[in-house]
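A single chain comes next, written as structure tokens; it is the form predicted on its own.
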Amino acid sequence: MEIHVTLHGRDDLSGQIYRQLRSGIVEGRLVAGERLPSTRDLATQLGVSRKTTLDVFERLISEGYLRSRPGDGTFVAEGLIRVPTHPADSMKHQARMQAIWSSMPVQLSMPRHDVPYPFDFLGGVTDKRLFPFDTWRRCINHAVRLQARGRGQYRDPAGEQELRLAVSRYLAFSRAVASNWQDVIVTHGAQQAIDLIARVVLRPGDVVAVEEPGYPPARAAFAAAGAKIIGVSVDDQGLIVEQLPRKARLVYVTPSHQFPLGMPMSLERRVALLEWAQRQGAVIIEDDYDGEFRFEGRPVEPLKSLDRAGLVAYVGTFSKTIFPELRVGYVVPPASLNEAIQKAKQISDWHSCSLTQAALAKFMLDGDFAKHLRRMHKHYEDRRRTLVSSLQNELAEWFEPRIPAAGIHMTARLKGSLKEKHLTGGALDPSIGLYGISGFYMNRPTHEGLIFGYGGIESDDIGIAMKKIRMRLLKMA
């Protein structure tokens, strides 16, 4: 028989012939038992050397697609007739996912844009222009030298000892969280820490209480674990403990800087939450995502520092102190969960990148991380001051800001008839990126407002953007 093979150019001739013959066999155009032309005839037909077609046939025979009968020829193997097929429009026999994934949002955080707004108030963004990359490069080179020693092998799922030591020292000094280095587990960002805790603690159908409004990616992790998620309202003192569902197995909170509204949880509420969790036998996830940047008053003690009963899993991240692309976070879980979370980490990805961990450990242990935090604190404080001044003065007619004591974002409630849709997605001004808070609610939002991230926008640009916003709003009036 004559086989139709089309060659494009003279590169990778054997590969082109192989792929087309294999495709014809798998898709059934070359049927089982069919005799193929000889390698000599096929080479003549295609204008290639016989060695090329010999290589192709030998490969297809070795992989089981063809079989050769000495003195008789080469034939399509018969076993492939059993390869399952189905109509393109039929869903009956396709691979099926669990129902939860069909309703999972594609974008779990605020939208990113290929071309950023010139004046962008996106939350969760840090300013990499201020990061000491020359120092970081030396830390990376140090890590490379360490990696070059010895043999390649899998590492401790809990992370590199030097980084765990650096994190435990940092937490004790700056966050009043006392821990040994063995208590720290390194993860791929806070999100993996949350996911690992959910895997270890939750069974399908368990109730998880979250703040309303709150952090959508955390809710997604709990939903993926099969949990029933219940939103609990927050007020000026944080999570309203009295509203917690009685059967909650897990409570997720952001007590240092409630996400997204920004208020800290009062000490009274923290103690009440710990008492509630002990009575119910529940686990608390404390997500301290940007508590390092505090601008007013004395820091309120983390829940973890008050925990005497082994109830709190303290989650931290370097995404806000350095930058999100680093993908390094950590968790200090209750002692009773430590081993199980290490096992879950090993099952998930075995361990995080040891090169990045070694570099970050040196960056911290040499004091460069602390210097970077002090420098960034000054910049963020200046940006925060500029933003607060604008919202409280020239924009006070339209916005009611909630001024947080910490963090790198704040929210502002809209006044009058102003709606999020009038402002967000460049609707107010195509050069200004503004973002609403409605998407952080599980249920219907109690009010509309904006979240102003100031981690990635300089003070001068904040001032310019605020003036532009005012001019646009005056024209809308």
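Numbering starts at 1 and runs along the sequence shown. Treat the numbers as computed from the prediction; the structure is a model and nothing was measured.
There is also a form predicted together with a small molecule; it is not shown, and the following applies to it.
**Student:** Among G124, G262, P157, P334, which has any heavy atom within 4.5 Å of the small molecule in the predicted bound form?
**Tutor:** Comparing distances to the small molecule in the predicted bound form, the residue within 4.5 Å is G124.
**Student:** Between the options Y215, F222, F363, Y314, which residue brings a heavy atom to within 4.5 Å of the small molecule in the predicted bound form?
**Tutor:** Answer to the contact question: Y215.
**Student:** My question is simply whether G189 lines the interface with the small molecule in the predicted bound form - judged by any non-hydrogen atom within 4.5 Å.
**Tutor:** Judged by the heavy-atom cut-off of 4.5 Å, G189 is in contact with the small molecule in the predicted bound form.
**Student:** Is there a heavy atom of S319 no more than 4.5 Å from a heavy atom of the small molecule in the predicted bound form?
**Tutor:** Judged by the heavy-atom cut-off of 4.5 Å, S319 is in contact with the small molecule in the predicted bound form.
**Student:** Wondering, does Y289 line up within 4.5 Å of the small molecule in the predicted bound form on heavy atoms?
**Tutor:** Yes.
**Student:** Should Y380 be classed as touching the small molecule in the predicted bound form when contacts are defined as heavy atoms within 4.5 Å?
**Tutor:** Output for Y380 is no: heavy atoms all beyond 4.5 Å of the small molecule.
**Student:** Counting only non-hydrogen atoms, choose the one of 254 to 262, 380 to 388, 202 to 210, 172 to 180 that falls within 4.5 Å of the small molecule in the predicted bound form.
**Tutor:** Every other range fails; the passing one is 254 to 262.
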